[in-house]
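This document contains two forms of one protein chain, each encoded as structure tokens and listed individually as structure 1 and structure 2.
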Structure 1
């Protein structure tokens, strides 16, 4: 009996010793955790806080706070402080904290001297290449540059830049799974791409269009962002978010300058007024809110509340906005309530258009202000005459919902995109002029016997 107990204890001791003797491997144990949980935001194309976590050397160099770890001392190591939440925001940003087991690996590895055991040949291995598509991804956003030369289309974890006449010219990769909104600045030099990864983070990207370079990427909030629009002078970008806020960014610096919390639900769209001093945001909470852009103060609700709103567009020269959402009825409103009119009446309503077959997902007003294009979750894209309210044309041929419509600046064509992943370009009588899949599709793998 006694002999057995001794034997058992001996075994446990041996096991314990074995665990203590095997040092934690950077390459086999730490690096895979970084790849899976961190590199999306900490890599060459997007160094959040100046930190790149793709190689040991970059990891050691650290970010704005200096070296990410102090060999031998986990408690003085920046990375441990961020992983435990001792320093906020806890990493991985917007995600679940790492399990205790992983945290202990980091602590032990650092305590044991934070050694690099990367095999020499691993460094030469190519980084992950561009996304490979086997089918066209859903188009959630598209935009045409003010000079009509470029079309930007959302892909998976990237934006595709096309020559307006067709032809892919650049792939602009980012860390967001989805881009929900694209907007060119009025001078055409900057492209804003706004999106994120659901339930993880939101991201605002500013691209230098001519250089095709990411000027800045800001990761914020713990969910996706939507509805980007530039102020008429191009100095600011407004956007909405799943966190119910409206945010303003400075175009020159790419930094957030104001966060406005007036909505009770996700904010899907924003537009500035003609003079850029006010903006209107639309939300699932059913309201189109008029906001003072310089103070963030609420001015009034533009609309009578019906159902959740998904889309907004402004008239090119007037403070008129088209709004639409789950009810399927496009409305045209004045941004301003004529004086002496009561609140909660519908005196600002100019016109309600025909009800669509499904919820309205996207709206655009033509450059001359004569037409509104309505894209919905079901059926054709319809064009209505803004003056008369009458149906002007129907653009057909899509399979599935439409999430993005944009008029060409020459006012002769409308581009559409949605569930079926095909960009279609129509003339304003509704005739299809061109269609293309905006992403390169990988050739099908042929099995060989």
Structure 2
């Protein structure tokens, strides 16, 4: 009899343990909510209300209203008051209130002691202050302002703003591990930086170029973003994402105005048409899709499908687009079909250029529309005559893949960047005019024994 009682007691205790809720994890449950909904405004680059939410320590410290939470007491915690709307304005500011499930997680976590369970290796990876470089980082994006005065180059968790041709002027920090796309607005006043952290989030930043100030940052999706392009009037920004979407943002407000789900794979590039009423997006699903920019409606595929597409560029005065990808062949297409579509129709194709040494990663068309620059994962950057398709020049000297190319507004030079972390500037004959590492490199530490 006693044995049965002991066994029954043990079973009841086990059932009790199974029914108990696991403690809420800051790192796995609270932090992702902060990243998706709050860090766009509350990070080191902006610190709205004096609040930085990028680390547990900064979250605990709080901002102008004092500490963000009181461990053990959610009802006395500022963060709960703002998230529930008990204190105005309700957060996230200008966004949808958090669902009840997320609010309950915050309450439970604070009630359970608001403990920090951030792994030690994650703490070590988070930089305190400006990034210190011991080697040049891979350059995944660069852009030159319309007046030719500024060059923006991607770094690790920051954008490096240079005077065109070299000379670091400002470091623009963000929360994205990598910036995949940079674009200046047509008036040169705004710089858009698009990127994210793999398998965590995507981020869209809008910077005031003159003030070197972050105007807005929006964190969205659960993976990185790519391929930013401004509309001709500068009022909208288009971009692609690993979530297979194309998104449109209002430049003035920094707010998302439309999400377009037409692709079946990651979207790597976007361009608007000359009048801004249509846009074309390219994806590794092989399609260059023509889209109504005002409604998000699919119009048609511009191209005959070959292999995954990584890059797109538009002619400055015509609705012609250069596209390229894994096949290694650059193609020039017109956005408007000259006749009714037929099966396996490639009537929009103007010409195919020669195959590159590797997959095409980046493209740019010169300001006068005469040349297309092609950067691939292997070999030199090649310049082709857009009208004839003939090779005009080779830009050599790179070590590894090329991920970014941009013509200067005067049309006389081409800037490139890629795996080796060096910006190179060439004239149109392919002659190297200048090269520089865009980040400050810390001196090597010599051990004293």
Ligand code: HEC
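Positions refer to the first chain, counted from 1. Remember, predicted model here, so these are calculated numbers, not experimental data. C-alpha atoms forming the largest set that superposes within 1.5 Å between two forms make up the rigid core.
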* Structure fact -> Between structures 1 and 2, the form predicted on its own corresponds to structure 2
* Taking the rigid core as reference, does the Cα of residue 27 move 2 Å or more between structure 1 and structure 2? -> yes
* Exceeds or equals 2 Å, Cα of residue 86 between structure 1 and structure 2, core fit -> yes
* So with the core overlaid, does the Cα of residue 147 end up 2 Å or more away between structure 1 and structure 2? -> no
* Quote the shift of the Cα of residue 103 between structure 1 and structure 2 to one decimal place in Å, the two forms being superposed on the rigid core. => 12.9
